[in-house]
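Below sits a lone chain in structure tokens, taken as the form predicted alone.
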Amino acid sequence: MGESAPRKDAPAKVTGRAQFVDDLTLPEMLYGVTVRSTVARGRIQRIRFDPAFEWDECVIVRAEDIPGRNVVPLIADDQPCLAGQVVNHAEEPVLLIAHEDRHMAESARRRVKVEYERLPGVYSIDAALRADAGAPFKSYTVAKGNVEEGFRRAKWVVEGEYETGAQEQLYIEPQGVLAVASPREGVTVWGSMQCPYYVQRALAAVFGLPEEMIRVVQCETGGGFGGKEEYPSMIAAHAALLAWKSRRPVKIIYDRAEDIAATTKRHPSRTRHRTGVAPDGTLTAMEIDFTLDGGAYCTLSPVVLSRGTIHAGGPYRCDNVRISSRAVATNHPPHGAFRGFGAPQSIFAMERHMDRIAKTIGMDPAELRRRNFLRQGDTTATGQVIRERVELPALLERALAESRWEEKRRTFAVTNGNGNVRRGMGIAAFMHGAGFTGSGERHLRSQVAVEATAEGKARVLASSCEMGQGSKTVLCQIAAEALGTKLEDVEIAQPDTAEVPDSGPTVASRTSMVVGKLVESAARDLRRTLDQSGLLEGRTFSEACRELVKRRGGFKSWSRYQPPPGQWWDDDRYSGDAYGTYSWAVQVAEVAVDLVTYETSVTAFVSAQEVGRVLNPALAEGQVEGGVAQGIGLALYEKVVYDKGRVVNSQMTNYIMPAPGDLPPIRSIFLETPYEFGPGGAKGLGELPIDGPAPAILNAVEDATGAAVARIPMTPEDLLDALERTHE
């Protein structure tokens, strides 16, 4: 650990040997497609099939053909697998078609016409809050101290409202699944996914089968970012239903347009801040109202809302805090997980608001943050005591020095009157909780195993999915260090519910820290077994493993999650230790704004973070660079455009993301404060880097132009409007 070991998955991928789901074929395989709603809300009146088409060559599945429950189970069982009588969002699945020719399947889909009685839709957070229809999907309240007293002690009370839009995950490989199914043999699916056991549980409900009759195998996965957390349960159910009815294998692969139009995205949000500030710039009270657009069905909105709520107050000391939050229903396609899930939305608001406070009281924005940073022994909004040393002051100093913050701000203040380009500097400071929130890890009870193989290897068995982030490599590095052997002596199983235990979903910055700790524990147990049996005396590690298997007929060492001692969490009051630990970061963005085209370019970026021990520096830098790139997209480019609930820019020609030429040099700085309960001292890293770029960039734009834009993505048109309002 601590070395930039080469990726375990690289040779197969660069030589083309890696098998993605669309590389797989089976005899007599059919190709499946989905007929989707063209309206955002309505009652299905009639389904018409073009009589000129040869429908007897097709397999057709409707809601009434589902053998089990017509539901995609997750947190709330509210989302149907196929619409029955009503549709609640555009692109909702209505029926399924399979044909042995991929092109004929697509032709068949276009020959189906669904007639609806259109119903009024809800397409905004404000409209959802005004609507009479029921309660929100979820709501939380976090309270600490006496907020009213905090406002009475304030010299200034600063208010602000901030919004974020939807964002598409835009993984390289679209959603795809191959399925075989029968009542006798059960269901097997291969697919591009993050969470095989989610899919297994969903299919068990759809088919009314015990989980042991459902096998789910993760293929090589070309990116996920949360978009392949819960949605593969839907596409897997569709492929398996067609296979069940046809008794033939069925593959469904979305094209890019269908993937963007129909699948989950980052939740749009609105956050309102009211903050009390003392004469010395310290925060006396925070009142925060945080709302998410959940879309038509619940999906993962409660956990996204949870994380956004807990992170809404930022990494700052404040004795008096009240946070109210809710996820509301609209007639947009359901929103779901996306890297950071909730934290980028609420942190955007907090960090833009900190700059608003700094401007109001006449203080340097870096100094305002420095005066209010959490320190060891302080408590967060949920009452969690920060037990470890907090490196935020050191991170701030490194980020300011590397970005030449003071020098460049002075220079830009002088030169910004010359020419049509304005330059500015912006900062964001933040934290990100590693692992599931509160009691989440206790409920998961994740498990892994490390086994000795007859080939003389140690084999890691875990359901954590490689999707480009390097989990195969890092988990093998952890195991090799714990075993005291070379990385070449360790291999890792492809996630397959018939072979690997449930080590929890590949989400929430938990793989290295939580699953890695279990791997470390299981590997140490295997090493102890080899030591105590005397098998390592006079033998290499590989020879000892082969001898152990020969003597015992196989050996597996198991490890199950146990929470660190002393942690408590109250689910009802939403208070206590929200996370086992936090990673911390300070980011600085430098921008250039063209006042002819109103385009904004990020010209330099510094990201300083403390993530415990860095297990693989090359992979860690890749995580930071990827997160910053996605954050730049969230800030400036990636705008999902809806028309009455339907995505109208579902192509990569009109859904704009940053290209390599739009990305600046990204300087990554790591401070290491080992975490006692992480493998080798590691914390979570994957989601942290995406939390800060958007507010840092918009803070820099305001520094450059004076325009206080409060919504992302900020397009050139948005900036022009803001500048016109500034100069009115």
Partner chain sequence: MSDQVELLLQVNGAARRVEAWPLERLLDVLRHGLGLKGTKEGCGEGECGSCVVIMDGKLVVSCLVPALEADGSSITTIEGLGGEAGLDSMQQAFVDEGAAQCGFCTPGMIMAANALCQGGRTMDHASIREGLAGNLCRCTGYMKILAAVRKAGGARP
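Owing to the predicted nature of the structure, the values given are computational and were not obtained by experimental measurement. Numbering follows the first chain given and starts at 1.
There is also a form predicted together with the partner chain; it is not shown, and the following applies to it.
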(request) Can you check 64 to 72, 679 to 687, 39 to 47, 658 to 666 and let me know which stretch has heavy atoms within 4.5 Å of the partner chain in the predicted complex? (result) 658 to 666
(message) Is it true that Met1, Glu388 and Gln609, all three, sit within 4.5 Å of the partner chain in the predicted complex, judged by heavy atoms?
(response) no
(message) Residue-level contact is defined here as any heavy atom of the residue lying within 4.5 Å of the partner chain in the predicted complex; does Asp78 satisfy this criterion?
(response) no
(message) Check Ala18 for me: does it contact the partner chain in the predicted complex (non-hydrogen atoms, 4.5 angstroms)?
(response) yes
(request) Using a 4.5 Å heavy atom cut-off, state whether Met467 contacts the partner chain in the predicted complex. (result) yes
(request) Verify the contact flag for Tyr31: yes if a non-hydrogen atom of it lies within 4.5 Å of a non-hydrogen atom of the partner chain in the predicted complex, no if not. (result) yes
(message) Only one of Gln376, Thr141, Thr653, Gln532 gets a heavy atom within 4.5 Å of the partner chain in the predicted complex. Which one?
(response) Thr653
(request) Check each of Thr581, Thr221, Ser509, Ser403 and return the one that places a heavy atom within 4.5 angstroms of the partner chain in the predicted complex. (result) Thr221
(message) Given a 4.5 Å distance limit between heavy atoms, list every residue of 573 to 587 close to the partner chain in the predicted complex, or none if there are none.
(response) none
